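Before any questions on how it binds or moves, here is one chain, the form predicted on its own, in structure tokens.
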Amino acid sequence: MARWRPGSTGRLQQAAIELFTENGYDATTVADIAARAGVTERTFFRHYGDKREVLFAGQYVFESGFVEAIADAPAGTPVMGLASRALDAGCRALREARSQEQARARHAIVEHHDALREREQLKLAALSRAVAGAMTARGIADLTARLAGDVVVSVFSTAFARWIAPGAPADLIALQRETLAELTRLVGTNSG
């Protein structure tokens, strides 16, 4: 087996998703993943701490897309404009990281395992805090920033769920924008 084959990370992720889908998360071992990817277990552990990390790799790159979009926005951009920019950037980052089909498969694996679902929720909570932190760094009041962080995560999660549904359109950004527009309409509705 070659020691340093190019593309090990992508092959490990693909092998893990295939094996988790075929055999279940608990029944799949690191040795199984490494063998399917054509690398050694040692190579696996150079990239990931454990098999769970294969599913959550890139979390910080994904999160930084949201945060950088807020930080790089022109001065005076309103809060919802910052949220929209962050969502666009986050959706682009996700599309670059995995295909719609890979996202569906990963989601199915996570949804069928309690510990993975919990980890996913922690990831989304961290994203909300990061967005709120980026907003407060721009001088936005804490309450507004926290609400904006939660809105970004809610809109993203809803758009993502729509994107991975069977027969869904392939344009995640368009789905995210529709979701944000619907939320804006909902908030603007006079409930009096």
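All residue numbers refer to positions in the sequence shown, first residue = 1. What you see is a predicted model, and the numbers here were worked out from it, not measured in a lab.
Beyond what is shown, the protein has a form predicted in complex with a further copy of the same chain; the following relates to that form.
For the options A103, V79, A97, A71, the one in contact with a further copy of the same chain in the predicted complex, meaning a heavy atom within 4.5 Å, is V79.
The single contact residue among T158, Q59, T29, T40, judged by any heavy atom lying within 4.5 Å of a further copy of the same chain in the predicted complex, is T158. Only one of 29-37, 62-70, 42-50, 139-147 places residue heavy atoms within 4.5 angstroms of a further copy of the same chain in the predicted complex, namely 139-147. Proximity of A174 to a further copy of the same chain in the predicted complex falls outside the 4.5 Å heavy atom cutoff. When a further copy of the same chain is considered in the predicted complex, V151 lines it closely, a heavy atom lying within 4.5 Å.
By the criterion of a heavy atom within 4.5 Å, L180 is counted among the residues contacting a further copy of the same chain in the predicted complex. The shortest heavy atom separation between T184 and a further copy of the same chain in the predicted complex is within 4.5 Å.
Taking a further copy of the same chain as it sits in the predicted complex, the stretch 118-143 comes within 4.5 angstroms of it through a non-hydrogen atom at E118, Q121, L122, A125, L143.
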